[in-house]
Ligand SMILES: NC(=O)c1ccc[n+]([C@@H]2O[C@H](COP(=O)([O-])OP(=O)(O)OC[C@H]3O[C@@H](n4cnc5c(N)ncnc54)[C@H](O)[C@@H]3O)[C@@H](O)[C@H]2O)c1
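First, one chain by itself: the form predicted alone, in structure tokens.
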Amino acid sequence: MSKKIYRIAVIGAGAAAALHARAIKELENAKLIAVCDTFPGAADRFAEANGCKAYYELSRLLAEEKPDVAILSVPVFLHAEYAEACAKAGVHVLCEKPIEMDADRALRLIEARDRYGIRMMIGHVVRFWPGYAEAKEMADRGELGEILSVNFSRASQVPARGGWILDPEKGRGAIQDMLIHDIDFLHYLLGDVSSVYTLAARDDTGCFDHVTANLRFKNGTAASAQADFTLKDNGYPFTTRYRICGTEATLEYFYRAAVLDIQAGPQAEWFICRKGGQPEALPLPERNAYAAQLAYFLSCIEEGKDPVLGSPESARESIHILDMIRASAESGEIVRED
């Protein structure tokens, strides 16, 4: 019996769309059939580069192509609108993170999924990232012991694509674009939050583009997550790291993207310091996290079950934590869970 090939449309032809296109090409049971973008030039360039058909209106793509799956790579404030349209057409949805602008708006995606009976997943790709997915597995096995404190950070120069991402209402800068990655992973790793205290600074965009969120989880663990857009056009490389301190081991990860004249390629380090032992370098798995994420989603569709990883409900909880972080940044006060 031949394996089903899922016909996939990418909605939005920006930077993230190229990552999804590459992931589709890695999977034997996936085929990229079309792209849609309201900017015809962007759609045409993407279609030419990836050998698929270009559309400029979502309704026309859905009617003519009837894809099995739509990958939503549109601005966050459009997620609910586009997810509803795809769900109504009977198309399964893999939606880029975060689920929507806030927890209230996120309900629209969950309601659309339930109303039209499709499968839906939110693309919190860090859950599949080499060195992050394994950290969760190690914690679940008890290899780290009781987790006492966690520190996560990520930074980059202000993204060249700018636009809506740097709009204080539509994009909300680094707090919404980058911090959400680590907040979601912390929620995945540690569970629900009890309180948040945020130190943050706005830059000339009016967004909180320099954010340090201090979180207390209901299990007692203390954590911090930091995100920065450094400066426009200053060449600062995308950099991310974490340190997880447990009663049995401390696990640390560092990644920096390639920078001309600093190193030949990206740098990555991952190591563990076990109780009573010496630092031990760990090999990082070679894995395209976007391909792993899509493969997981397609397997859920194949098996007729809703995704557990990246479920809309979990993604809504993560954006709720981000709502608390933003409220603390605005007020300068501790925000506690009700």
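One rule holds for the numbers: they count along the sequence shown, beginning at 1. Just so it is clear, the structure is predicted and the values come from calculations on it, not from any experiment.
One more form of this protein, predicted in complex with this ligand, exists but is not displayed; see below.
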The one option of V76, C86, V196, L251 with any heavy atom within 4.5 Å of this ligand in the predicted complex is V76
The listed residue (A13, A9, I325, A315) that reaches within 4.5 Å of this ligand in the predicted complex by any heavy atom is A13
Next on the checklist: With a cut-off of 4.5 Å between heavy atoms, is V125 one of the residues that contacts this ligand in the predicted complex?
Outcome noted: yes
* Asked: Looking at the partner-bound form in the predicted complex, is F185 within 4.5 Å of this ligand by any heavy atom?
  -> no
Q. Should Y290 be counted as a contact of this ligand in the predicted complex, where contact means heavy atoms within 4.5 Å?
A. yes
Might L19 be said to contact this ligand in the predicted complex, defining contact as any heavy atom within 4.5 Å? yes
Exactly one listed stretch (94-102, 205-213, 130-138, 242-250) reaches within 4.5 angstroms of this ligand in the predicted complex by non-hydrogen atoms, and it is 94-102
